[in-house]
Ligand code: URA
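Single chain ahead, by itself, as structure tokens, in the form predicted on its own.
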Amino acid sequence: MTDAYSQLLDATIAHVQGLKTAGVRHLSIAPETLAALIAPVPRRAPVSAARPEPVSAPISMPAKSVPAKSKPVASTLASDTKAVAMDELRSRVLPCMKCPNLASSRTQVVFGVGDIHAPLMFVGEAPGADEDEQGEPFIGKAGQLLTKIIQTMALSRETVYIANILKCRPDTPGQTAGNRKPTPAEMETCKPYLLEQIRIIQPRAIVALGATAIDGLLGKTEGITKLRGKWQEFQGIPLMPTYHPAYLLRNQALSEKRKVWEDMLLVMEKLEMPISEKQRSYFLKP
């Protein structure tokens, strides 16, 4: 039975079953159609084994022969794969106990937030008190400023992805407030989770927020002042170092805000985003 015949038979059966479901109990068949159905199928002459057909080279199919739906299907499969992979990663990260001191002091793990298909990813250092309480990165005062920066880029928190080097808030024994910098050992322990997030998301650009993020991702300790505004590369992905939003809260000089914004303009250009004259003139002296 040929593939074409099998496909035709399956389609016919499906059609008849559909009619039956709809309440149809009798079908009218023209005499000529019935005669064609009961006629014997002519057999092909057997091919002699002594004279096999020559094997020809593979034929390249023209582009137009590829079904139009092939690309969307591939995209959907990739999307499903990303979602499954990120869910599986989250299920491993949330109960993580690799750093006993962090696990015992945290309220919850701060995994990451945003679009797993986003072309742009922001990476900070670690959750603070607000993030630890609510389980979402960058929602305190520094996070609110980051949100404004993202919105000024004509994006939103829902269209980018935001994560940290550390998924738990660094413990602060004896302190009722404040944060501390993650230790190198803590960053190395938690970094594989971030690397998996980056591998799943496959962003076209990464923005590293602050010196700790640069150190955690690139192992560079030259200082954020020297590195900011200069494209780096992380596993083949363009990476832009810039100041952490918390720095801008401490130093609100127009010149410092302009430096961060110039970095964001470079990111927008890298992603081929439209940039208005108004956007280009932000934080410039009148």
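Note that residue numbering begins at 1 and tracks the sequence as displayed. Please read all numbers here as calculations on a predicted model, not as lab measurements.
Although it is not shown, the form predicted in complex with this ligand is what the next lines describe.
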(request) May I ask whether Pro127, Phe138 and His244 each come within 4.5 Å of this ligand in the model of the complex, counting any non-hydrogen atom? (result) yes
Within 4.5 Å of this ligand in the model of the complex by heavy atoms, the stretch out of 194-202, 91-99, 147-155, 119-127 is 119-127
Residues in 150-167 that come within 4.5 Å of this ligand in the model of the complex by at least one heavy atom, in order, are Asn164
